[in-house]
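A single chain comes next, written as structure tokens; it is the form predicted on its own.
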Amino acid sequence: MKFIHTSDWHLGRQFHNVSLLDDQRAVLQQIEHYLTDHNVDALVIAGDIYDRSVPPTSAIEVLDDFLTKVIQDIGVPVIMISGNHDGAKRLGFGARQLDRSGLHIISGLEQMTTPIVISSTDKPDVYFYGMPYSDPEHVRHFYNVTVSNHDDAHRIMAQQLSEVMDSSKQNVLISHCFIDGAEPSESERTLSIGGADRVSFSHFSHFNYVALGHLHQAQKRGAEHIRYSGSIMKYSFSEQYHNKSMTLVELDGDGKVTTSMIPLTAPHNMRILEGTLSELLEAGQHDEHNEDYLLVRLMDKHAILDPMAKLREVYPNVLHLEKPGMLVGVDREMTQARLAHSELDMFKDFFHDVQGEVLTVEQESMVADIVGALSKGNKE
């Protein structure tokens, strides 16, 4: 049995007011091509299919087009659960009817104990159990038990599965949660404050494989078979060094698991560039990937007129600009004091940027008189 484990698609996401939908569509095409060219028995999406509970129409259309090709044209069934970004009820609309077509959506706790059974030629059936994202209050209300945090909630949900699961079968759990000790990224939405969102991996250790979603970096946690696939593309600059992928999971006849990472590449990478304006403008002239989404840290120690516009002449997708060079060697109080008394120096920098030359002695004297008069007027 072979299946693909993915998670955290976040379709419809905006990043610094830029839509990522075209990049997401390109990544989904890579998944589609892999499923076309390889013998895979199922595709798993471990939550956060959409970026928000009421997704934009364009995101719904992208997902609909993808699912139609994968299920109807390629013939690969899809199993998905709702994540903390998804609207569970909306995502699960029509799930009972769609189940017959090969689209299996698990978005409510009432569906959790009914497995999705996937058959493979000459291999034992695999039983997929979905544990959709549920906060402690929801679990407390549904089961009428005492629940104080996410770990309690997942312990109770795991107990419910243990009561119905046949351990002699090959069982896969799909869950959307934060396993304690795992490595988070800046792009994930916090489930709760104070560490109350952490869940012990021990609740899931009796499954043959655990397909996790929520954290955007691919990683294992607690055991080799308990894994995050990570998001299908980068969603923050903190992920610039992540290698995005989907996980190919293979279960042999004895239930032993092997995994391999299948790379996924978005059209625009996310990078952080650092240097002076002149250095970056020069580098941009020869950068083959100048259209990547960028965070730029300018190390210039003087004021610059409209640096964003200058940078976008060579790097059109600069999305965020920082100026740490203005703070080098000084603390905040010294910086504020310096800025409060350096109007003349700032004007000299401004004049140089606009005119390309420095003030003459006469011009500097005249500007100094004007700045002095203005400062005196403000004090009075």
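Residue numbers here begin at 1 and follow the sequence given. The structure presented is a predicted model; accordingly, all values stated were derived computationally and were not measured.
There is another form of this protein, the form predicted together with another copy of the chain, and it is not shown here; the text below is about that form.
With a 4.5 Å cutoff on heavy atoms, residue 56 counts as touching another copy of the chain in the model of the complex.
Of the heavy atoms in residue 155, none are within 4.5 Å of another copy of the chain in the model of the complex. At a distance threshold of 4.5 angstroms between non-hydrogen atoms, residue 93 is in contact with another copy of the chain in the model of the complex. Among heavy atoms of residue 35, none comes within 4.5 Å of another copy of the chain in the model of the complex. Of the listed positions (39, 355, 68, 29), a single one reaches within 4.5 angstroms of another copy of the chain by any non-hydrogen atom in the model of the complex, namely 68. A single residue from the set 141, 256, 286, 100 has any heavy atom within 4.5 angstroms of another copy of the chain in the model of the complex; that residue is 100. The candidate stretches are 224 to 232, 100 to 108, 286 to 294, 267 to 275, and the one lying within 4.5 Å of another copy of the chain in the model of the complex by heavy atoms is 100 to 108.
Contacts between stretch 59 to 84 and another copy of the chain, counted in the model of the complex as any heavy atom lying within 4.5 Å, involve 60, 61, 63, 64, 65, 67, 68, 71, 72, listed in sequence order.
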